[in-house]
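One chain follows as structure tokens, the form predicted alone.
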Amino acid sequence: MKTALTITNLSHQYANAAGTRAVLDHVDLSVQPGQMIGVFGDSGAGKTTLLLNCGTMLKPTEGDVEIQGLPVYDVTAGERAQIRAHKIGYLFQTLQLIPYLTLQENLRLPSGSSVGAADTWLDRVGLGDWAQHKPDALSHGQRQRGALARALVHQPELVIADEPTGNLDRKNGELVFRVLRDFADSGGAVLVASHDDSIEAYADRCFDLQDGSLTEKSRQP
């Protein structure tokens, strides 16, 4: 079975008037099918940059990103779009639900998923009764769970989640982590950036991102 995600010597720099600022410095990481990986780090540490690099949406300054063994920045933009559409489910920190579509339509549009698949995933995140509602009729927690269902509905090989429990209460946060854990247990790979320490109860491995480097956190006994 191929590794779902492999990053090697990954570096990323941002340029500004004062020069360049490195947020990732020769980072290595692999995520296997069946694994859930958590990444911690202060705001501005580079977690979102790391996820965008891994999700084929931001080319790193240096290094390689492979999805199932395919170097994704060595292919065309159109081929990367196909990888995103079929192999990756992305849960954005800003959610990015389309406001004039119902929840069900939001799930179906990017992936072409069936009505049945959309409704099944909405049921799994506790939103079965809200399928025909538009996002602004929902609470923030409901929108967060709807965005999670959208990331999973097409059964991708890799799910990338940026602060998926941000601004959620404990009950909703635990539901999100349980759904991601169940997805990993079914053979998917999950990479999560979070400030929420409770992810440690669900993740196989956790890392700290600090000064551009990833350091694995020791497991609590």
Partner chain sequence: MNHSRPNCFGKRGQTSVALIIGLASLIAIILLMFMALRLRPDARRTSSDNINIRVYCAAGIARPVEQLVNDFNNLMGSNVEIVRTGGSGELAGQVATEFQSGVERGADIVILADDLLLENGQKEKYIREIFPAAVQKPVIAIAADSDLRIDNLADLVDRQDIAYGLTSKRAAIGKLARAVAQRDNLLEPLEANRKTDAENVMTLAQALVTGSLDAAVLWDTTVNQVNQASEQPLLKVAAYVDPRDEFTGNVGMGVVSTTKHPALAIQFARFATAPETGSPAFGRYGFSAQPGDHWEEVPEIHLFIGSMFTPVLEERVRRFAKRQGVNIYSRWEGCGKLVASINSIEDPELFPDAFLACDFRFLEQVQDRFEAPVTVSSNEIVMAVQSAQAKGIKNPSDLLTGTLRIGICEPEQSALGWLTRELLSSPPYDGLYEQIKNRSAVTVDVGPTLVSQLMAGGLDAAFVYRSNVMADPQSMQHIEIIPISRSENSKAVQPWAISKTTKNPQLMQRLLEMIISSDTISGFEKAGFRVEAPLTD
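Values in this document were obtained by computation on a predicted structure and should not be read as measured data. Numbering follows the first chain given and starts at 1.
From this point on, the text means the form predicted together with its partner chain, which you will not see here.
When its partner chain is considered in the model of the complex, residue 124 lies well away from it, no heavy atom lying within 4.5 Å.
Using a 4.5 angstroms threshold between heavy atoms, residue 104 counts as touching its partner chain in the model of the complex. Using a 4.5 Å cutoff between non-hydrogen atoms, residue 74 does not count as a contact of its partner chain in the model of the complex. Although the partner is absent here, residue 140 is not a contact residue: none of its heavy atoms lies within 4.5 angstroms of its partner chain in the model of the complex. Taking a 4.5 Å heavy atom cutoff to its partner chain in the model of the complex, the contacting residues in 129-157 are 132, 134, 136.
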